[in-house]
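Listed next as structure tokens is one chain, alone, in the form predicted alone.
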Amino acid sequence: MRAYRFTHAITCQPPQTAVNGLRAVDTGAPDLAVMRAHHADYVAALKSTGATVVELPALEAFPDSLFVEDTALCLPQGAVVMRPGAPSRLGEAAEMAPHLRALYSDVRQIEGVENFIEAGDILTTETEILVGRSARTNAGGVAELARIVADWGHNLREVFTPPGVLHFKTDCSLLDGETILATERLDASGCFKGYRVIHTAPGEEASANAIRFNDLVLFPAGFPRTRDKLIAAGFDLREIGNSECAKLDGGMSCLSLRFTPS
């Protein structure tokens, strides 16, 4: 279980401008007060495991800046600053870089001007790094990241995000060294061959984005059948409200960077 003993996490307060954040389908503006209450519960859950949580102030110039995960890939050996596929989010990665340099001795970045990649498309397991091509991550970004992580001894495998799904991790999450929570539509691609896969319950596909953080699985509230599956499988769940972030295509993994710095 070594991959889940994180010492640090980075979060960012939701800005007032979050109501203008990107979304695939407009289901209404998020309620900022509710969003901030959910975010506080999320941070408290991370802290309850004993980790140090760096809480960055809101970045009003960047409506999507609370979704810090997309800005960087954090590995034990170093961090890689991403080049987001959404042009309005490029500045978020630049804002995150100095905070990573304060904690890591080796911070690199995606530099190709035609390359783009967001860490919401990256699932790191104990044996490999899975990167899903999507509208936010292209072949050039995947190839450049593969070269970087090879220096640190990591194997990267390119997979594909289903059409209409924003990020690879919208439809999956890692629960332990061998177990992945995934939607049936993503698992049907065969990308998780060799892993134990738990499917989200029908109609609860939005619950696929959870995170394992130390001894806890942070799980979006409101998906009782999938929740019960995971409890029956022996996982310790902490349900966190996600109704407002979901309006901006955000989930549990999006809200933090989780790592043990080198």
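All values reported here derive from a predicted model rather than from experimental measurement. One-based numbering along the sequence shown.
Beyond what is shown, the protein has a form predicted in complex with citrulline; the following relates to that form.
Undergrad: Report the residue, out of Leu174, Val142, Met96, Leu166, that has at least one non-hydrogen atom within 4.5 angstroms of citrulline in the predicted complex.
TA: For this set of options, the contacting one is Leu166.
Undergrad: When citrulline is placed as it is in the predicted complex, which of 148-156, 166-174, 98-106, 184-192 ends up with heavy atoms within 4.5 Å of it?
TA: Stretch with heavy atoms near the partner: 166-174.
Undergrad: Each of Val19, Asp31 and Glu244 near citrulline in the predicted complex, meaning some heavy atom within 4.5 Å?
TA: No, none of Val19, Asp31 and Glu244 comes within 4.5 Å of citrulline in the predicted complex.
Undergrad: Answer yes if any heavy atom of Cys254 is within 4.5 Å of a heavy atom of citrulline in the predicted complex; otherwise answer no.
TA: Yes, Cys254 is a contact residue.
Undergrad: Is there any non-hydrogen atom of Ile10 lying within 4.5 Å of citrulline in the predicted complex?
TA: No - in the predicted complex, heavy atoms of Ile10 and citrulline never come within 4.5 Å of each other.
Undergrad: Taking heavy atoms only, is Gly250 within 4.5 angstroms of citrulline in the predicted complex?
TA: Yes - in the predicted complex, heavy atoms of Gly250 and citrulline come within 4.5 Å of each other.
Undergrad: Taking citrulline as it sits in the predicted complex, is Gly120 near enough to touch it, meaning that at least one heavy atom pair lies within 4.5 angstroms?
TA: Close contact exists here: in the predicted complex, Gly120 approaches citrulline to within 4.5 Å, heavy atoms only.
Undergrad: Going through 58-74, which residues have a heavy atom within 4.5 Å of citrulline in the predicted complex? Please give them in sequence order.
TA: Asp64, Phe67, Glu69, Asp70 sit within 4.5 Å of the partner.
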